[in-house]
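The chain below stands alone and is given as structure tokens, in the form predicted alone.
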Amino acid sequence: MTVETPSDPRVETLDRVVIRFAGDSGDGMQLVGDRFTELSAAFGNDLATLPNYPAEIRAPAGTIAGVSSFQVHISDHDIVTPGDGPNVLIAMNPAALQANLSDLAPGSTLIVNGDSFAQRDLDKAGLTQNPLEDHSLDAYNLYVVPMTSITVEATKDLGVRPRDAERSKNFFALGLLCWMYTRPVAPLIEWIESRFKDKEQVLAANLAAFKAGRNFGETAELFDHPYEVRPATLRPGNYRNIIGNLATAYGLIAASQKANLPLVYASYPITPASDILHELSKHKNFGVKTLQAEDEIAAAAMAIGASFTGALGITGTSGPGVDLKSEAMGLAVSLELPLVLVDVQRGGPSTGLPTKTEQADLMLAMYGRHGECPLPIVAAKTPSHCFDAAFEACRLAIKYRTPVMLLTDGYLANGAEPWLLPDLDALPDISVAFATEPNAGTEFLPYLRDPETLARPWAIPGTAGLQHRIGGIEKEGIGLDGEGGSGNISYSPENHDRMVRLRAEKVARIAHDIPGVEVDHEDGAQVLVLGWGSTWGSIQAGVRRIRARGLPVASAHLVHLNPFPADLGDVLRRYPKVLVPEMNLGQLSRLVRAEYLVDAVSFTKVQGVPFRAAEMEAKILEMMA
């Protein structure tokens, strides 16, 4: 694709900018934010996004509860967060302004839809005065643009009713922003024509509104000049823009291909995990089978049944669904079959903050089943890393015959960034040899374990001579004397003790099959910042700010949370101070304190939004003091 370059000599070059689109949930902010992101990706910028949805399916229009926003950070260099706050805020109504103004620093650019500040609009937003008239916005570079009326005027000759034309005002805003930041136009026009090809009037209205917004920026003389953020210098290779849920789906598909197993994904719709089901349902050409179950328990049971029949069984959900699947996960541990449970974490407890992010399910993943019921835990750290984390979760599940918990969260699931497409040929072969004949003379022992991994045989039902029992009641394993192992039901205290310890040891041995802790160390560092999951970006940004001050600091990030990497204890003991930032009340810090007896200091936040780089910087400085 040819990248358009600005021809206006007045164009000012910026190294980065953070833009936030905000409006009513029906104003299409997610749509145009996503389009602006795609255009920036096509242009070659590095980027990170932060969508923010209202919890209500359809909150009252014009109210703060119904505000939807989309923030995108674009740059000409490597970035790791969607930005602490916007440099540019586009507010489509008073509620959007009211909900987002506190994040806008003085001197920032504020563009508002002047047509939506009538008294009734102010009343819905709970405002007693019009902020466009009371000088409360004097600290910002304010531009009042009649977006709605210009959009209606631009579409009046198309036969579009005014009320329908108003719905295209989001494309007017997008056109204006594309002019301001010299985005390539051709890909967007192609997308509009493809997306709305079956709705001629909608297509025409959106195109007209987009062009009107771009022309307004060019001719209104309201803005001094446009800006450009040049393409970033990234590692050579083929890139695409990707969100975490999409990357997770692709990672699962890649694992099924490399394992030579059909993929069966069973789930019940739940925010913010549903997109994984939606995406996987499109890939029947890869042998993917998807099932929308009647409830969470049924979905987990379906995935277990798929694994029993020789498929790669996957189930996905968010925190409330994990609660319901816990009994089935205990069954999967007892059966010792491969299974992956994807938990896209969200604000809790109960329904909590269903559209906001949190990483408070670590203890649930560790201990959220009755009995001694350990399972491996893998956590993704960025939207694109969800691909690698999903593949790794499948690898461990298949190799060790165990259910594995894969943790992402709402920020990773919906956030976007450039993804360097992997070399699929370089991915490891994770195929498995099914049991095909008796493994003890003429007898099949279903718990005769691999001496290295302690994995039991995987026998597909119906294989001649390999009949064996399944179920949640304890089975007879191999005794210390080498006898037994029939897999029959056993109530023997000694057998149960041995089987519990073997299952735990199987998970523990994974520590020697995963990489050691990768520490980003600087000489003289006395503080180690230890993170997991989606805190990676804000930790990296905070560490960069500290180092820019000339101060040494070290950081490490965990992908494997159960078991921990074998050298984690040694790493932690090298530093006098360990800081553990988490979007919970200190779950990882409790685990490392208990396991390694180090005085890990918690830095916690449970506000439904990620840490800001400035928050991280301030806390690290406090630790250094």
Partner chain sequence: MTTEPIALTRKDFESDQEVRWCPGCGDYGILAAIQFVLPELAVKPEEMVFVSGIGCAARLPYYMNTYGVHSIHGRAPALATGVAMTRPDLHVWVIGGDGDMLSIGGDHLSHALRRNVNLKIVMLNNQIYGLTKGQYSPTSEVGKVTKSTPFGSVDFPFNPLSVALGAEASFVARTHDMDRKHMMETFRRMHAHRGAAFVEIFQNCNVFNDGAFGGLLKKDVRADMLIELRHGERIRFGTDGQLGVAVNEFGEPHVVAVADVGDEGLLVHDERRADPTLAFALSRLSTGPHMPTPIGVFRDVDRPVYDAEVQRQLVAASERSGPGDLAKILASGPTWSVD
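This structure is a prediction, so every number in the text was calculated from the model and none was measured. Residue numbers count along the first chain shown, from 1.
This protein has a second form, the form predicted together with the partner chain, left out of what is shown; the following refers to that one.
Asks: Report the residue, out of Trp536, Tyr250, Trp179, Tyr400, that has at least one non-hydrogen atom within 4.5 angstroms of the partner chain in the predicted complex.
Replies: If I apply the 4.5 Å criterion carefully, the residue I get is Tyr250.
Asks: Work out which of Leu127, Ile510, Ala259, Ala298 lies within 4.5 Å of the partner chain in the predicted complex, going by heavy atoms.
Replies: Filtering the options by heavy-atom distance leaves Ala298.
Asks: Quick one: is Leu424 in contact with the partner chain in the predicted complex, heavy atoms, 4.5 Å cut-off?
Replies: Output for Leu424 is yes: heavy atoms within 4.5 Å of the partner chain.
Asks: Give a yes/no on whether Thr463 approaches the partner chain to within 4.5 Å in the predicted complex, heavy atoms considered.
Replies: Taking the distances in the predicted complex, the answer for Thr463 is yes, it comes within 4.5 Å of the partner chain.
Asks: Would you check, heavy atoms only and a 4.5 Å threshold, whether Lys156 touches the partner chain in the predicted complex?
Replies: No, Lys156 is distant from the partner.
Asks: Does the 4.5 Å heavy atom contact test between Lys289 and the partner chain in the predicted complex come out positive?
Replies: Because a heavy atom of Lys289 falls inside 4.5 Å of the partner chain in the predicted complex, the answer is yes.
Asks: 463 to 471, 270 to 278, 97 to 105, 146 to 154: which one contacts the partner chain in the predicted complex at 4.5 Å, heavy atom to heavy atom?
Replies: Within 4.5 Å of the partner lies stretch 463 to 471.
Asks: Would you mind checking 247 to 286 for residues with a heavy atom within 4.5 Å of the partner chain in the predicted complex?
Replies: Those in contact are Tyr250, Ile253, Ala254, Gln257, Val264, His283, Lys284, Asn285, Phe286.
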